[in-house]
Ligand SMILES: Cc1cc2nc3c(=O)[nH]c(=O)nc-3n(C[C@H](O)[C@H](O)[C@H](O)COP(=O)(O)O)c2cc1C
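Okay, here we've got a single chain as structure tokens, the form predicted alone, with questions on binding and movement later.
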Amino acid sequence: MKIVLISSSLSLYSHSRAMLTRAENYFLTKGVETDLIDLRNIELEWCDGRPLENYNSSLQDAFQRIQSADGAVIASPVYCYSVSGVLKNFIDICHKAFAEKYFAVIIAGGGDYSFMVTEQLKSILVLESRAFPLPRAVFANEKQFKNHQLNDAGVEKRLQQLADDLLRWIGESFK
């Protein structure tokens, strides 16, 4: 089984990326192959509605990597009570790669109510791509980090539950 991990923060000290790394480590202990797409390393063009083949090879490669995975975990910071603009632009271009794919969401925000963004991201992929969102999402705010590292056993446990649930859902779809 292969899970694609998408990190959408451009920050060098990204809390959402720190959480995604913890989830990736857990997948690896389960023997699951992971493929990290870090949007800091993608030559991202502005979405303007053209066909995928008219975007650069970096975006076409990311599309293929998502499409070839069995599931996805998307990590995003919260900016102004929404997902990062970089992520939204990326999804606007690569949304068809998520078709009929199971996915989970990891969100890092500053405020206590930023968790609501998880539902926006789920709605985008359900409506645009017919993707299947894991009901469970993991949210952490700045209080749960110390020196840009996750410092909360509860969040750590929820990341493991998210990974286990996603693997179970994907496994059930193969039966």
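Residue positions are given as counts along the sequence shown, with the first one as 1. Since this is a predicted model, take the numbers as computed values, not measurements.
FYI, the form predicted in complex with this ligand isn't displayed, but the following is about it.
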For the chain seen here without its partner, which of 56 to 64, 27 to 35, 129 to 137, 111 to 119 has a heavy atom within 4.5 Å of this ligand in the predicted bound form?
111 to 119
Could you confirm whether E142 comes within 4.5 Å of this ligand in the predicted bound form, counting heavy atoms only?
yes
4.5 angstroms heavy atom contact with this ligand in the predicted bound form for Q161:
no
Given that this ligand is not shown alongside this chain, does S14 nevertheless sit within 4.5 Å of it in the predicted bound form, heavy atom to heavy atom?
yes
Does any heavy atom of V78 come within 4.5 Å of a heavy atom of this ligand in the predicted bound form?
yes
